[in-house]
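One chain comes next, on its own, written as structure tokens: the form predicted alone.
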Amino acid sequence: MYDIAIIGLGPAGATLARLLDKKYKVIAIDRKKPETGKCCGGLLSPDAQKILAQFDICLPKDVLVDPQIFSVKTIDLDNHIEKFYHRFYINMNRAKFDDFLISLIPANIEINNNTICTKIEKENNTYSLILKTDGIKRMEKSRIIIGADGANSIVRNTFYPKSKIQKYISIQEWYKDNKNSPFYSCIFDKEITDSYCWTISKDNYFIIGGAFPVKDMNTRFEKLKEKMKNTGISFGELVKREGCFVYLNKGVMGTCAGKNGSYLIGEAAGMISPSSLEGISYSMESAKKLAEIINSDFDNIGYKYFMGTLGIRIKLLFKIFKMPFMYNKILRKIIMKSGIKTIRK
């Protein structure tokens, strides 16, 4: 019998596991194998950098990748406009970043890598988890269960199925690159997606990806590649293709903190930027808040956590107000044509 079971060891789950009091018996379950990152651009935002600074955490140099890029090339295919904007992101290896955060977890936490939680049931005040590792199933029990398992969270799907939030598919491909000049870009095209797409250079690889509606996702991705080829981008040898679910939170009602012994943090809670899809900062911030509450006592956790994450929901609300200026074709054209905060090349 465990006090706490954490499902998922991305930035949310790893941060929570690191901060929980050692008086608790904790099991952490992660379906990823070591050195397996999430399908994302792998950029550390200023908000995420600030939280790492609050934790007094410094990144080892092997987490960083070449090149470090100081601008984003915004490509508006709808209006045929390109502009450069100054940005303060850190270019990193997402797999090594996740592994680094896991390495900070104290030894008292029982970590299960390459393990899938296939089913969760609640009986009285206890949760039963069916876990599968290398084809072998077993059952564990816990008093509290934490969903830190992203947009396809089994905890959210099991206990909060009515708390709906729009799911997209993030797809990206890695190519060996020796021809393109290194750059990071955000791409907008209504024909491809009502979210956005990206390209980025990492250690002599060229990555192209995007967040797509589930319907026709592969057709949309191929259309993205074709349009980028027409802009002069060359694709080298394909190295790998990866994908995952991602939430597009278009309203604060999409957030779900949890209650009665099952709680959600990070993207599983819907705490992800609706404008940029950045989620690392919200993952670590929500994990920090939940750890503080659990470490104080087990009483009324749901209410305290809901109120404690009010600041996160307010931040997300401001991001929602920002969305029309990014995704509305006419407003985006006005902003980009104005030249506000652009870099002259």
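These numbers come from a predicted model, not from an experiment. Residue indices: 1-based, along the sequence shown.
The discussion below concerns the form predicted in complex with a small molecule, not included here.
Contact check at 4.5 Å (heavy atoms) against the small molecule in the model of the complex: all three of K38, G150 and W198 pass. Between the options I145, I272, A257, L224, the residue in contact with the small molecule in the model of the complex by a heavy atom within 4.5 angstroms is I272. With the partner omitted here, the residue from V239, I116, L104, A95 that has a non-hydrogen atom within 4.5 angstroms of the small molecule in the model of the complex is I116.
Only one of 80 to 88, 185 to 193, 241 to 249, 137 to 145 places residue heavy atoms within 4.5 angstroms of the small molecule in the model of the complex, namely 241 to 249. For I29, a non-hydrogen atom is located within 4.5 Å of the small molecule in the model of the complex, even though that partner is not displayed.
Looking at L20, you'd find every heavy atom of it more than 4.5 angstroms from the small molecule in the model of the complex. Mapping the unseen interface onto this chain, I7 counts among the residues with a heavy atom inside 4.5 Å of the small molecule in the model of the complex. Interface residue remark: I312 is not counted as part of the site for the small molecule in the model of the complex, having no heavy atom within 4.5 Å.
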